[in-house]
Ligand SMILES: Cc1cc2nc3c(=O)[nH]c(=O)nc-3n(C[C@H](O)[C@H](O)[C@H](O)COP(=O)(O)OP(=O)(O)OC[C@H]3O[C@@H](n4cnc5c(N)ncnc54)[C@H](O)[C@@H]3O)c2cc1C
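A single chain, nothing else alongside it, follows as structure tokens in the form predicted alone.
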Amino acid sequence: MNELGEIPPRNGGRKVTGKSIIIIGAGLAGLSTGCYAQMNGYNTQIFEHHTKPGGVATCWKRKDYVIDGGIHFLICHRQGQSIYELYRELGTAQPNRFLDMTTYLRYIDETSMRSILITQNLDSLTKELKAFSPTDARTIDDFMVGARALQGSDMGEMGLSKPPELMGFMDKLGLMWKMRRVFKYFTGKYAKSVADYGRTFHDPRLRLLIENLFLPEVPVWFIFMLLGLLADGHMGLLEGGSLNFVLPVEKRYEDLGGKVTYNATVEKILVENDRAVGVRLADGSEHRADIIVSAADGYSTIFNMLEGRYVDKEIEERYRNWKLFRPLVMVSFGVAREFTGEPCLNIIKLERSFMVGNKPIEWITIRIFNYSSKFAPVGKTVIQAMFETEWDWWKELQKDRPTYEAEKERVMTEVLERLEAHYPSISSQVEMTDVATPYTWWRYTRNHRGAFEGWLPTPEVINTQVKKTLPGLANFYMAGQWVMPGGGVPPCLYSGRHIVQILCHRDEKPFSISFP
């Protein structure tokens, strides 16, 4: 068996069709795997732990309010990019589902009482940044040149359209040629973390702003990409929320003949003679297939479902040393109030922090769902606050349910007090509250340590190719954010496509795509 999971053919090398595949998890990666597998003649069944599809890309209802716990924005939601074609192949590219995002976020520093809007007008943004910190004008120009350079780039063509496992020398040469115009912006100082690059700014307030445009650990080119997409009009919001993006993919999968079983937790992957042959569910039932694909949590898959039997030093070190997305607390409010004209995404540097567990909370992110009528009754709005927190502390706390619930209530009160400073009288207008902790994420998705997007996309990690197979185990593959470092919607969807491209290559048949 090689790294493609290939095994010596027993049929003289003849093409094989109609193989069966069990897919673990009905998140974006699992549904994508199922769709492309069905398009290419494989018979698939998905087993999902939760009662609905989407994984972390989901919504739920409290009273008359819809809470979106997933996708904050979508890239390449308009025609003209190969990622849009990916959405179209999966049946979720309906134009009426997407709304253009012209403002990325508003950054607010309570300590200096300054704020700035990050908009798609890069010339205006350059002036705003220079007004924020005139002494950093030269570095700001350097930064914005990178953002402008990535305008017009096709993000899906930058190494995502074909699985790395199938890329030969000419493929890599072709990729370099496609990237020739922007290649220098992926190297040198731009390949360093935003935190490292931020040290070139003199003004510490501007440094904090740049670091928090996404995450301080991501490479600088990642921020260039975001700003370039924003300027090109290729960043969008989901009119009906994350689940409204996921459900058409589920329908596409079922229309192609696939089957999803919900409330079906896979506890063990069955292995015979070092070949994956099926799964055992929590109810004790066993199900067999020719190929097993896990689009579930990476740690649970490798160390629980497979009992850590198929690992090497590389895998062990990855799960021991690689940093994860820091888990979140998410506090949502249903408010009898309209927030007309307010940016839908806000990052606030608090003047006065508050403690949660052992960690002082100095930053909160605010999402305001004022761009669609689908989230709340007329004249009302969902407003959501998020902040990074500790996994271990919440995991231990939930063992004492009364204390756990009391802490959620306390956190909600603390957050509401901070919101009151920016939206006076909001406390008296709240009709609904909902608090999700890292344990909530784990309970519904089994994501390792509540890491909602898997590996933190540091410069080292985001450039690492993670194999979709495990050493010594045949007929088994992994899809999703744990094999696509950094996670996010397009990488997860592409990972499912990649698996099927690899299977078609292994089975010596062309990879094909049909459209809804």
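Sequential numbering from 1, following the sequence displayed. Given the structure is predicted, the values throughout are model-derived calculations rather than measurements.
Missing here is the form predicted together with the named molecule; even so, the following discussion is about that form.
Hey, in the predicted bound form, does F47 get a heavy atom within 4.5 angstroms of the named molecule? Although the named molecule is absent here, F47 would touch it in the predicted bound form, with heavy atoms inside 4.5 Å.
Evaluate A295 for contact with the named molecule in the predicted bound form, applying a 4.5 angstroms cut-off between non-hydrogen atoms, and reply yes or no. Although the named molecule is absent here, A295 would touch it in the predicted bound form, with heavy atoms inside 4.5 Å.
When the contact criterion is heavy atoms within 4.5 Å, does A37 count as touching the named molecule in the predicted bound form? Outside the cut-off, so no.
Is there any non-hydrogen atom of M330 lying within 4.5 Å of the named molecule in the predicted bound form? Yes - in the predicted bound form, heavy atoms of M330 and the named molecule come within 4.5 Å of each other.
Sort through F186, Y444, W391, Y299 and report the residue having a heavy atom within 4.5 Å of the named molecule in the predicted bound form. So the residue touching the named molecule in the predicted bound form, by this definition, is Y444.
Which listed residue (L209, L243, V266, I383) meets the criterion of a heavy atom within 4.5 Å of the named molecule in the predicted bound form? Answer to the contact question: V266.
If you apply a 4.5 angstroms heavy atom cut-off, which residues in 473-498 are near the named molecule in the predicted bound form? In sequence order, G480, Q481, G487, G488, V489, P490, C492 come within 4.5 Å of the partner.
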